[in-house]
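This document opens with one chain alone, in structure tokens, the form predicted alone.
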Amino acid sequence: MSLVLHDYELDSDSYKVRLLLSALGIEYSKVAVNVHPGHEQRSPAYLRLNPLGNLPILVDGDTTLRDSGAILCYLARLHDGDGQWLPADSQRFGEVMVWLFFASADLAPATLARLHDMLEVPADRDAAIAASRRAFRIMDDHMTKRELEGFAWFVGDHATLADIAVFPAIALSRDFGVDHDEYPALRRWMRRVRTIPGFITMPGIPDYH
């Protein structure tokens, strides 16, 4: 099997890739990386795969990719011929990419706040949580408007990479003390995400019914 994912079970970015792989029904090999307490991702062997020293890392034959957003796009282009997850339509494509970049930049404080509380990663906790709340409010306002317009997903009329990219940050926010009751539209949307065929969970994600 040529597709290999190097990941850490508690890493939210690695989870995004696992979720898409499951939704696409793609078989792959998984290599568990000793992130905590071993910091294996910063070892010489892993720095040769990714000089940034973080996860996930996807190896597909001669192709090695880092960054969850890049990996999601690669997998969608390669294995999703119908363009459900990464639409070919220019407008929808652009809208999906807006949320992929949002996940990478604006939701980074949520990732940092969680790592600070779980793994004692150094951070200004108050600032990270405040920034997380601002990002979640933007997401909740967006989904409130979408629901009023008759739509259930972040972009278009079905789940896309946009939903996968932004889902873990809010789904795991209780790990750093931000409750989901503050974001009712996101609570409803998170329930819908769990109905995606092939959905898998990870430790820390609530089991909404």
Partner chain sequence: MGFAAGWYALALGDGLEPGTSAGTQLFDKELVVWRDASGASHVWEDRCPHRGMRLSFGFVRGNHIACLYHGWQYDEAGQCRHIPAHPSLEVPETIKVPTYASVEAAGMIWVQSAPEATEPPPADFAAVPVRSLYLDRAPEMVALLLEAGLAGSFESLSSSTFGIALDGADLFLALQPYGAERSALHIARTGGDLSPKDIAVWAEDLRATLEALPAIAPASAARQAGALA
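Numbering follows the first chain given and starts at 1. Keep in mind the model is a prediction, meaning the values are calculated, not measured.
Not pictured, yet referred to below: the form predicted in complex with the partner chain.
K.L.:
Out of Arg42, His158, Lys145, Arg48, which one falls within 4.5 Å of the partner chain in the model of the complex, going by heavy atoms?
P.N.:
If I apply the 4.5 Å criterion carefully, the residue I get is Lys145.
K.L.:
Using a 4.5 Å heavy atom cut-off, which stretch among 195-203, 181-189, 20-28, 5-13 contacts the partner chain in the model of the complex?
P.N.:
Residues of 181-189 come within 4.5 Å of the partner.
K.L.:
Can you work out whether Asp140 and the partner chain are in contact in the model of the complex, taking contact to mean some heavy atom pair no more than 4.5 Å apart?
P.N.:
Answer yes; at least one heavy atom of Asp140 falls within 4.5 Å of the partner chain in the model of the complex.
K.L.:
Decide whether Arg92 counts as a contact residue for the partner chain in the model of the complex under a heavy atom distance cut-off of 4.5 Å.
P.N.:
Arg92: no, not in contact with the partner chain in the model of the complex.
K.L.:
Answer yes if any heavy atom of His116 is within 4.5 Å of a heavy atom of the partner chain in the model of the complex; otherwise answer no.
P.N.:
No - in the model of the complex, heavy atoms of His116 and the partner chain never come within 4.5 Å of each other.
K.L.:
Examine Glu149 and determine whether its closest non-hydrogen atom to the partner chain in the model of the complex is within 4.5 angstroms.
P.N.:
Judged by the heavy-atom cut-off of 4.5 Å, Glu149 is in contact with the partner chain in the model of the complex.
K.L.:
So which residues in 5-26, when you check the partner chain in the model of the complex, have a heavy atom no farther than 4.5 Å from it?
P.N.:
Stretch hits: zero.
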